[in-house]
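First, one chain by itself: the form predicted on its own, in structure tokens.
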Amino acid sequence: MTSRKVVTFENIKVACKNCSLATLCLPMGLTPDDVERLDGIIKRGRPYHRGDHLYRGGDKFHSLRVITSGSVKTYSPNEDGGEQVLGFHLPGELIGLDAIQDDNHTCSAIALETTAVCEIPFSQLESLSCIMPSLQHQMYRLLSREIGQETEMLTLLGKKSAEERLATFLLSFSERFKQRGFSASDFFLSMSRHEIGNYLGLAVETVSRLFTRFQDENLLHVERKHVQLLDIPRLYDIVQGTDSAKSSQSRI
């Protein structure tokens, strides 16, 4: 089993210029002086524990948050009193962008494991953006990425089969972990099967059945939340609808 990087309070309080996630979040493309100015407004508190809310739907919007370790689930209530999972967020990713328009959070964010964040007061970020064109450009880039991810999710739920949805989900995490310096084929998923099913629009039984089938077909090995992808090229074939086993999807 692959060991995970250990995060302590001391090593999460890292200045932007020394942060290993700088190429994934706001400091990307900024000059050293601009990074120093951005770092001057960032707040770094103690980590959240699993189940702690970073914010709840309806809360007044004050800050954007960049995850520096751990993982976060965003969700909103649905009509039957449950929840609709909106996304799973990893280190280097920005959350809270949905609240900019109405000045209130439209969804809730909860830690899936011990999680640390950088908190960026939005009013101060706006002021800096006005005098730092590179920071403004980076904000536009992050907003564009957010829109692109929402579009991809709508396509995923609207057109793809159950097995294509799960394969897409796994490959998304594979690529995101790779970007952060972790293994692309050996990682932990911090969310439950139920949460995965909720996000993908699938029954939890279907998710469990697909994990079992993928394992039987030597596409992956899974032990609780530890996943090893054994055949990434074939997972891409499934996503593209070119895998020879796709015809078996009708059994799902």
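In this text the structure is predicted, and so the values were computed from the model without any measurement. One rule holds for the numbers: they count along the sequence shown, beginning at 1.
From this point on, the text means the form predicted together with another copy of the chain, which you will not see here.
Each of 84, 133 and 150 is positioned with at least one heavy atom within 4.5 Å of another copy of the chain in the predicted complex. Checking 129, 108, 174, 71 against another copy of the chain in the predicted complex, a heavy atom within 4.5 Å turns up for just one residue: 129. None of 206, 198, 63, 190 but one reaches within 4.5 angstroms of another copy of the chain in the predicted complex through a heavy atom, and that residue is 198. Among residues of the shown chain, residue 158 is one whose heavy atoms approach another copy of the chain to within 4.5 Å in the predicted complex. Proximity of residue 122 to another copy of the chain in the predicted complex falls within the 4.5 Å heavy atom cutoff. Among residues of the shown chain, residue 137 is one whose heavy atoms approach another copy of the chain to within 4.5 Å in the predicted complex. Not displayed here, another copy of the chain is approached by residue 76 to within 4.5 Å at the level of heavy atoms in the predicted complex. Residues of 81 to 116 placing a heavy atom within 4.5 Å of another copy of the chain in the predicted complex, in sequence order: 83, 84, 86, 97, 98, 99, 100, 101.
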